[in-house]
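Listed next as structure tokens is one chain, alone, in the form predicted on its own.
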């Protein structure tokens, strides 16, 4: 298992291959459907974004409320294909890593390859387990969206699988 520090560099993205097991550490941002819709609207309108997307990794997840004394509640991946209509624009804006579950559309795979990004999958149904890898959480934008708001997460050794590498090789098609 490879240990990868974020943000993803050109070299680290090039070295990752579909099927690789990795542990990611660093900063990621959560964003689900509504956040993606708002981000793309701002991008298309050439307006200021609530965060710099350059070289960032987005986790398609909405954290459950934390119990007293905890950093975060359960936080499992949501179905990535729901973000597919927005993903090419998000990648063009600079995102280099995505974390979710499930396969992606042909258009997204082409965009991943074009922008030399990487798509990771997290284990579905393991939201409570995955929460232990979150060391810090901070609200970034759109609190009114609740769990669909954008949160900045500091993670340590989050276990993932490279599902689609920067060359477009797809573990779902291997």
Partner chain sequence: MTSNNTRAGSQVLAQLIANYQDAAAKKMPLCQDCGYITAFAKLGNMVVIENGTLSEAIQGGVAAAYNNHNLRQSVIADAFFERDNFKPRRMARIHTSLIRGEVLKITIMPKGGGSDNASRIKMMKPTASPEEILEFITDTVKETAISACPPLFIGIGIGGSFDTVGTLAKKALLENFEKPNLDPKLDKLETYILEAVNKLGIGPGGLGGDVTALGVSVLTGPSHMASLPVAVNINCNSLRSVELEF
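Treat the numbers as computed from the prediction; the structure is a model and nothing was measured. Positions refer to the first chain, counted from 1.
Just so you know, the form predicted together with the partner chain exists too; it's not on screen, but the next bit is about it.
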**Request:** Spell it out for me: taking the partner chain in the predicted bound form, does every residue among 73, 76 and 121 have a heavy atom no farther than 4.5 Å from it?
**Result:** yes
**Message:** I'd like to know whether residue 50 contacts the partner chain in the predicted bound form, with contact meaning heavy atoms within 4.5 angstroms.
**Reply:** no
**Message:** I'd like to know if residue 26 sits close to the partner chain in the predicted bound form, meaning any non-hydrogen atom pair within 4.5 angstroms.
**Reply:** no
**Message:** Taking the partner chain as it sits in the predicted bound form, is residue 92 in contact with it (heavy atom to heavy atom, 4.5 Å or less)?
**Reply:** no
**Prompt:** Just to confirm, residue 68 within 4.5 Å of the partner chain in the predicted bound form by heavy atoms?
**Reply:** yes
**Asked** If we check the partner chain in the predicted bound form, which of the residues in 100-128 reach within 4.5 angstroms of it by a non-hydrogen atom?
**Response** 101, 102, 103, 121, 123, 124, 125, 126, 127, 128
